[in-house]
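What follows is one chain in structure tokens, specifically the form predicted alone.
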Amino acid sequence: MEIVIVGAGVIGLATAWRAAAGGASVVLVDPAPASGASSVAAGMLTPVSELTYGEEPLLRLGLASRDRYGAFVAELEDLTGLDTGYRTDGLLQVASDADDLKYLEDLRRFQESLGIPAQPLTGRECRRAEPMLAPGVRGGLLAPEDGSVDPRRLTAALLAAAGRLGVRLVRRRAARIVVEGDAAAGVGLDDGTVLRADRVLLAAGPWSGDLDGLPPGTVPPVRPVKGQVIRLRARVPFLRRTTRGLVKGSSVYLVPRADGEIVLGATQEELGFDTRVTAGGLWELLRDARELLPGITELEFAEVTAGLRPGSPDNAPVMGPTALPGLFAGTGHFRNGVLLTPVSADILSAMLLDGPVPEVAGPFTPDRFSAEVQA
């Protein structure tokens, strides 16, 4: 089986690794591997905190992926000798006022109705868990099984693992899909080169549908959703675990790394392909973070970045065969790309290799949008 994967972000890289391990000959096409949303993301592994009413299938997918992470990174680190920054020290969600606390209480009841235990904490217990929290924090929830990973380290390890298994990386832009006999037969590059393939996977985030030659409606629309992120540095221990706060209804999170880095994010802006870092976006993040953790203003300012999350019409992943035979989609992971990497790689590689597909993939195939596209 010869496979071409367009896009070397975290989903494309992990799928290439798994497909190569399954015996396929794999070519990855990306002019700048691991430089998109994967390089900006904070790396939270928090399916429960991302829960929204009506998104139970996405929750099941997130839990399945989180539960795969330990074995996934152990295999990856053993193969490459590279650390991924994987941590399993839980997630603390906190509320800054009574309305925010009520939201967390409603979320806890909803989680428990789905059989997911949640540990409520008083404000004092929250501060005992994270001493740098502000005195005004009203209470919170602890998700002890959640964690984080460093996406930059993760993608570096995935690049190395894919290389070890013979995956060829082509640093060019994919320009078109080659269609022969009403089926995908490869990818044409921006320099005119054609890469022949039995199957093609589009994993290029919000650019997945931009290739020439795609029949109309083949790939569901995937829009870019901008996220601005701040990286700070602490010279002494500041946070023990990933902490997510609600401040007057707005959500802000902080993800600590072992080397003292703290990732603060993230805005969510529907501004097309705009990747400018703005004073307003950074001010909102720092304002809300300071409300929860006043000492944050003393941390060293290290980096600011903006990335583009790929959002499908229902903000859930699009994974599976498209209406064009031989062409597969692996995009639309929105806020959850890093979290969903292990399960997405299992799903997509199984589909590409005609293997058994995990049941949790069912709700996320491209054909769920077919009626909408036809309309």
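When you see a residue number, it is the position in the sequence shown, counting from 1. All figures in this text were calculated on a predicted structure; none of them were measured in a lab.
What follows is about the form predicted together with ligand FAD, which we do not show.
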Since the partner isn't included here, can you check whether ligand FAD sits close to all of 33, 174 and 338 in the predicted complex (heavy atom within 4.5 Å for each)? yes
Within a 4.5 Å heavy atom cut-off, is residue 220 in contact with ligand FAD in the predicted complex? no
Ligand FAD contact at residue 3 in the predicted complex, heavy atom, 4.5 Å: no
Contact with ligand FAD in the predicted complex for residue 245, defined as at least one heavy atom pair within 4.5 Å: yes or no? no
Consider residue 41 of the chain shown here, and say whether it contacts ligand FAD in the predicted complex, taking contact as heavy atoms within 4.5 Å. yes
From 229, 252, 95, 184: within 4.5 Å of ligand FAD in the predicted complex by heavy atoms is 229
Students should find that, of 345, 37, 58, 48, the residue having a non-hydrogen atom no more than 4.5 angstroms from ligand FAD in the predicted complex is 37
If contact means a heavy atom within 4.5 Å, which one of 292-300, 130-138, 197-205, 157-165 is the stretch that engages ligand FAD in the predicted complex? 197-205
Need the contact residues for 1-22: heavy atom within 4.5 Å of ligand FAD in the predicted complex, sequence order, or none if there are none. 6, 7, 8, 9, 10, 11, 12
